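Next comes just one chain, in structure tokens: the form predicted on its own.
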Amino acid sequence: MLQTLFDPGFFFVNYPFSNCYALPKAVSHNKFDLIKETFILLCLRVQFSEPEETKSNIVTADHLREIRKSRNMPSSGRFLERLSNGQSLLVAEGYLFEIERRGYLKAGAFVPEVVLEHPHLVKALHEEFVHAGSDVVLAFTYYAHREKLRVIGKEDILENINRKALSIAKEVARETGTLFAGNICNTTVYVRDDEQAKALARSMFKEQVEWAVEAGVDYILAETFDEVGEAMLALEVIKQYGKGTPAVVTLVPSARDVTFDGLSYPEACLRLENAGAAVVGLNCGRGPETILPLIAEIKKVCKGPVACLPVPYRTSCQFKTMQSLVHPKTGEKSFPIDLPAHFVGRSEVLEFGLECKRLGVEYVGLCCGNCSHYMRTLAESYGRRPAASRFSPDMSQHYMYGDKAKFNKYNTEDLVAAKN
């Protein structure tokens, strides 16, 4: 539902997942705007279901403020302003694995053809992650680059798949008042001592950056780089062709505690920060337990915001990365199809989020393996209450394990004993 009201630049959008209404453009808080917004709501005879206090035939300016608060909408709607205000950003990554899990993407090449074949599914996942607490809608252009499409013989869809992914993400971001991010990643063609390979990687970054800028992204995420050299190349391209668009640059941590080109992760992140990245940090590769020690060291040397987005798998000192995990039953390598055998529990996600908050991590999320109940838990660890928190667990209502005063002893004791 999209209606233009009062002027062409003012949109009022029904966001079905949260059953509340979001104002995508930054809205000033002067009295005239609040009166105008209240009048619009009254004219539309809107019935709100979140937050609970808004269930009324009379919608006031206070109700509007409460709705904005419940959606955790940034006052400025802009990336750098949000971070400069000392706020945190919760960012859902992990689209690749989640779409593969749902049966619409092939493991191996991992190319997001679903963007063109089933765009409604991509939009729904964006909405689902926002519902769970993500402040950012990340365009699903990870591995939608020229080399990956060459592998499956579909280079001809390169521009279409990128523009469509950006369009879907932009639509959801504008409807929900969240930030809209472009995405570039490891090219798989970069070779540090091969100038021709580096030139090809640069050209691949350039075309995706230019499409993202044309789409009007709030920032560009350059992610999952094994080498500082490729990450620096991506940052250079964003600075050259991004027309001032901020860059978030994240490296993927290996099992060896150094990048593939031999730098410690704190040193690598410091170099990227000094080169102009707005946010630096780590994503993918490691689970919460093995990524956090590196993040703690990075926080000691970097002055700006730091990003931490692990995979939600139970890595350890013995198996530091998801690629090194072995199946507990067969002893065979789990990556990628048996990784679900190593999922962390939600309590571990909560613990991870609390530790990130304690460390002062400003840009936090989850990568490959992420799903909405994890994202909700992470948001709640940062003190948020996204729309999905309405459905957070309450085991006091369970007929076996709940409040014994409210349920039959036959279930709460006798049946429980039989289950244990």
Partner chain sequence: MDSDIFQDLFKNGNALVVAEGYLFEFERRGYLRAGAFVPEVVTEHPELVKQLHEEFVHAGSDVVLAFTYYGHREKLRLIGKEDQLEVINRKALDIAGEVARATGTLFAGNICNTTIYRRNDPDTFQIVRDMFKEQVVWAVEAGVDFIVGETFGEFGEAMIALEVIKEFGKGAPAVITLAACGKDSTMDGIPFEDACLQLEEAGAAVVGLNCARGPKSIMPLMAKIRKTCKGPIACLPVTYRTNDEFPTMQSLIDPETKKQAFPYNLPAQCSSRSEIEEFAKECRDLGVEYVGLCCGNCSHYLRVVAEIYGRSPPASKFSPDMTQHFMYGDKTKFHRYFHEETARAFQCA
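Remember, predicted model here, so these are calculated numbers, not experimental data. Numbering follows the first chain given and starts at 1.
One more form of this protein exists, namely the form predicted together with the partner chain; it is left out here, but the text below deals with it.
Participant: Is there a non-hydrogen atom of Lys404 within 4.5 angstroms of a non-hydrogen atom of the partner chain in the predicted complex?
Facilitator: No, Lys404 is distant from the partner.
Participant: Considering non-hydrogen atoms and a 4.5 Å limit, does the partner chain approach Ser347 in the predicted complex?
Facilitator: Judged by the heavy-atom cut-off of 4.5 Å, Ser347 is in contact with the partner chain in the predicted complex.
Participant: Wondering, does Glu227 line up within 4.5 Å of the partner chain in the predicted complex on heavy atoms?
Facilitator: Answer yes; at least one heavy atom of Glu227 falls within 4.5 Å of the partner chain in the predicted complex.
Participant: Although the partner isn't part of this model, could you tell me whether Pro253 comes within 4.5 Å of the partner chain in the predicted complex, counting any heavy atom of the residue?
Facilitator: Although the partner chain is absent here, Pro253 would touch it in the predicted complex, with heavy atoms inside 4.5 Å.
Participant: Taking 4.5 Å between heavy atoms as the contact cutoff, choose which of Ala199, Ala107, Leu80, Val301 touches the partner chain in the predicted complex.
Facilitator: Residue within 4.5 Å of the partner: Ala107.
Participant: Just one of Thr290, Asn186, Asn183, Thr176 has a heavy atom within 4.5 Å of the partner chain in the predicted complex. Which one?
Facilitator: None of the other options qualify; the answer is Asn186.
Participant: Choose one stretch from 316 to 324, 235 to 243, 271 to 279, 167 to 175: the one whose residues place a heavy atom within 4.5 angstroms of the partner chain in the predicted complex.
Facilitator: Among the listed stretches, the partner-contacting one is 316 to 324.
Participant: In the predicted complex, which residues of 188 to 209 put a heavy atom within 4.5 Å of the partner chain?
Facilitator: Contacting residues: Thr188, Val189, Tyr190, Val191, Arg192.
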